Each structure stands twice: as structure tokens, then as C-alpha cells.
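One chain comes next, on its own, written out as C-alpha cells in the form predicted alone.
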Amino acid sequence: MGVSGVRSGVLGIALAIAWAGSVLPAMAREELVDQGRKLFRQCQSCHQVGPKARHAVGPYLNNIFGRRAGTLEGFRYSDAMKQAGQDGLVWDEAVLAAFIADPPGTVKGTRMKFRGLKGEADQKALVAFIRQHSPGSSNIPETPPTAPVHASAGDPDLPEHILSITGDPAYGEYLSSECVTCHQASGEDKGIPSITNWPARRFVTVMHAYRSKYRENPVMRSVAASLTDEEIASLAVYFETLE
């Protein structure tokens, strides 16, 4: 599924479902959570939730709301899930529902083999149950859902002559001064995804996706539009070498 398809799916779910928040009467909410608890039996062979939850085949699901994907300590995530987090995927109700409905369509390359929970009412109930294990999560303000965007899902396929341009790492270092005003050269993620040690071809693909407006961040669109193909290639090879 492409980026626009994922985003449409997430937005569709967000609009179609009245989420299990404070708008529900207490009794209706309890019934919804109880239904979600029953549905979670389909998940518990891989995931745990609750006071004694531990990592299993999949990560435990306590405190998932508001957390960047692929960042929970102590669990070995797939490269796809880590990349989705680096690209800005944060778990909220709509995004989690989209993932529950279609894991590989939401995060392409995920190791999660669950076939998906297709009924919107069931998605709503399961999300409500999981949310009970995120203390304070009912106070999390609703935000526009963040669709996962990475080089393998929705970015344009670039011709080989663009991907094979040989960049100059020294020139890339010179050009990087603008990049590191936001992206940490150390690789630390302070709310802005790290680009340290990215594969050069992936870096090139992502930058061209911004330049051709496949990706929506207006700042990155502006930066990418100011760079030549050779400059992008030089930045790519420079950041690839950073540890």
C-alpha cells in the first residue's frame, strides 16, 4: 500500500469510529473494554499487556499510546518497524487501529503475521482495551494520524542513473551544516528522526521523494528543492559513513 493509501485508510478509520474516549458513558466504555479483552485472546500468543507484561514474540503493549514505533527498550524490532518510527510513526488510536486492521499494509516489511482484524467495531474494542494499560492515555490530545513513510512504501522508484551518482563525502560534510541544525549528527533522536548511518540509496530516494512532493513535510520539501542531484548524493554518502 502506498503512503496515500495508508493515510486514507488511517483517516477513514479515524472518521468512521467514535473512539473509546470520554464521550462514551461509563457503562458503554466498560462493555467496549470487556469486548476488547476477549478479542485480545487472538493477540496474547505474541503480546502481553498488564502489570506483569513482558516481551514475548512481540513487544509488550503497556504505555504504547504516544510512543514512537520501534523504540521500546529491550525488544528487537524489525528494521521496518524501527524505520517507521524514525520516519515519524507514533501510536495513537487511529494508527493502532489501522495496524490492527492490516499490519503489512500499514508498516510494509513488519514481521507481524496477524492477518488483521477487519471489523471496525472489533478494532474499536481492541484499541479501547489496550488503551487501558497506558496510564493517563485518556488525556492524550487527539492528533492527526501519522502515516508511516519510508523508502519502500510510497516513495517514487528512481532511475539507476540517479541512484548510482557518486557523491563526494567531503562535499557532503560541507553541505550538512544545514541538516544538523535539526538532525543530530550523533544519531540521537530528539523528536526529529536520525539520518545517521542511513544507506546512501535510501537517503537519495527519500530526498527525491520530498523534492517531487511525494512526502509532505514543507521544510524538507524546501531543503530538497534547493539541492542538485549531485549534492543529494554527496549528503547521502556522508551521512552513510557516520556512526
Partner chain sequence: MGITRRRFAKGAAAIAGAGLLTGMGHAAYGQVRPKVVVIGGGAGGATTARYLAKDSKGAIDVTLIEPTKAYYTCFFSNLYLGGFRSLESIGHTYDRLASDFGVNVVHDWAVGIDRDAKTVTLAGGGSVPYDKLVVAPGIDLIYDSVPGYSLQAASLMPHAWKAGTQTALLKNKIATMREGGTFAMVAPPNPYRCPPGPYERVSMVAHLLKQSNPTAKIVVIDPKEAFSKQALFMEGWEKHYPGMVEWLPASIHGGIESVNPQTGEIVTGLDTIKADVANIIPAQKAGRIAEAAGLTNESGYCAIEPATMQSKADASIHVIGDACIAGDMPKSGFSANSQAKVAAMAIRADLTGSSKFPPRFSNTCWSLIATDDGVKVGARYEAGEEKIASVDSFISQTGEDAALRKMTYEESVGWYEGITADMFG
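For clarity, a rigid core is taken as the largest C-alpha set superposing within 1.5 Å between two forms. Owing to the predicted nature of the structure, the values given are computational and were not obtained by experimental measurement. Positions refer to the first chain, counted from 1.
Only in words, not in the display: the form predicted together with the partner chain, which the text now covers.
Three-residue candidate spot H55, P156 and D229; no residue lies within 4.5 angstroms of the partner chain in the model of the complex by any non-hydrogen atom. Comment: 172-180 is the region of 198-206, 172-180, 45-53, 63-71 lying near the partner chain in the model of the complex, near meaning a non-hydrogen atom within 4.5 Å. The partner chain is not drawn, but in the model of the complex it has a heavy atom within 4.5 Å of Q184. Looking at A28, you'd find every heavy atom of it more than 4.5 angstroms from the partner chain in the model of the complex. Of the heavy atoms in D122, some are within 4.5 Å of the partner chain in the model of the complex. For the chain shown alone, R115 is a contact residue for the partner chain in the model of the complex, at least one non-hydrogen atom being within 4.5 angstroms. Residues N217, P218, V219 are the ones in 194-220 with at least one heavy atom within 4.5 Å of the partner chain in the model of the complex, listed in sequence order. Annotation for A170: C-alpha shift of 2 angstroms or more between this form and the one not shown, rigid core superposed.
After superposition on the rigid core, the Cα atom of Y210 is displaced by 2 Å or more between this form and the one not shown. The Cα position of C46 differs by less than 2 Å between this form and the one not shown after fitting on the rigid core. CA of H183 to CA of T110: closer by 3 Å or more in the model of the complex than in the shown form.
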